[in-house]
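What follows is one chain in structure tokens, specifically the form predicted alone.
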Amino acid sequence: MRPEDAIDRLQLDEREVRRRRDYFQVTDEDLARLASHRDLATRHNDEVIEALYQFILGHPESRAFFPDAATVARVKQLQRRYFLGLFQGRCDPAYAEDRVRVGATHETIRMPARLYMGAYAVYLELIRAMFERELEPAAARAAYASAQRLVAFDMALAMDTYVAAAEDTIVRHQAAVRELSTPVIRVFDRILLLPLVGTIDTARAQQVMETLLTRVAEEQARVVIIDISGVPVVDTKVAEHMIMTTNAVRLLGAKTVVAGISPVVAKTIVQLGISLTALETRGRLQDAITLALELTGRAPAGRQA
């Protein structure tokens, strides 16, 4: 997911940032305390980041996400900026957006969230050690507590970025599956074929209708062939969906031909008392195409005058 997309999804305005700050108890006092140690952080910036990446690159699983020196150099530079950002004394929408960009960078290279969180734990330990070396015990504890709260704020943003990216991936996959499961094929000019495969439930029937009507309008189709030979069970609901789809297609000026009516399906329909008299039906797809050609004024091959 692009950082800009993640930022838009999270809606990081003043109100949202304040809400998050309140939840993680990041106070103005925390920010001022961290800002007072900016010189200390600047002096130890390289040391902290090098130690962090020594840990990350020391583990084969996480090292695999940094395939070359250029990638390592780029993310180290990003982390140096991130580290100093903790000590700038502010936590506003601009700060939050910058943190989202860091999280999006790691999500983009497909680093698992568990590895990212593990690196954060090491990162906090390095910050704690820095404070303990440079400050009096009481000041070190206070500074570390402030850093913990702000880093927790940052970690939540990173995880929200991961979640948003996962949701986007799921949505894209679902759309791809729907498109594959409802392929509307242009077989001739103004003749469309919709081969249905698998179970037809209410949700899928609605999606089938929407997809088909869109294509009928786009292609200015005159005939739609619905091939149900791949539908394992034709029951009352499936028949009702076909009739509703036929009626909707008719409103757009096109006719519907249902193909794939096998002897078993025909027997089931009769036993259920379902009336398909409103539909043009054919047992074979070839016969349905022949009828479609006739309905559009084309003589099928071998029958031309």
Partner chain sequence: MAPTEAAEAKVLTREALPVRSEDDVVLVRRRARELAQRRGFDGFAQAAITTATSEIVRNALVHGGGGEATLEELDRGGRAGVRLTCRDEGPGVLDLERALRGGFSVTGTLGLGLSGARRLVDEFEVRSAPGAGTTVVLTKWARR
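Predicted model only: the values in this text are computed from it and were never measured. Positions refer to the first chain, counted from 1. Note that the rigid core is defined as the largest set of C-alphas that superpose within 1.5 Å between two forms.
One more form of this protein exists, namely the form predicted in complex with its partner chain; it is left out here, but the text below deals with it.
Shown alone here, R38 lies farther than 4.5 Å from its partner chain in the predicted complex, counting heavy atoms only.
Shown alone here, E50 lies farther than 4.5 Å from its partner chain in the predicted complex, counting heavy atoms only. Interface membership of G58, defined by any non-hydrogen atom within 4.5 Å of its partner chain in the predicted complex, is ruled out. By the criterion of a heavy atom within 4.5 Å, Q271 is counted among the residues contacting its partner chain in the predicted complex.
Remark: of stretches 64-72, 237-245, 40-48, 22-30, the one touching its partner chain in the predicted complex is 237-245 (heavy atom within 4.5 Å). Here is the short version: of D201, E167, D160, E134, the single residue with a heavy atom within 4.5 Å of its partner chain in the predicted complex is D201. The listed set V171, A121, A138, V233 contains one residue whose heavy atoms approach its partner chain in the predicted complex to within 4.5 Å, identified as V233.
Taking 2 Å as the criterion, R81 does not count as shifted between this form and the one not shown: its C-alpha moves by less than this amount when the rigid core is aligned. Core-superposed comparison between this form and the one not shown: CA of R128 displaced by less than 2 Å.
In the core-superposed comparison between this form and the one not shown, R90 has its Cα shifted by less than 2 Å.
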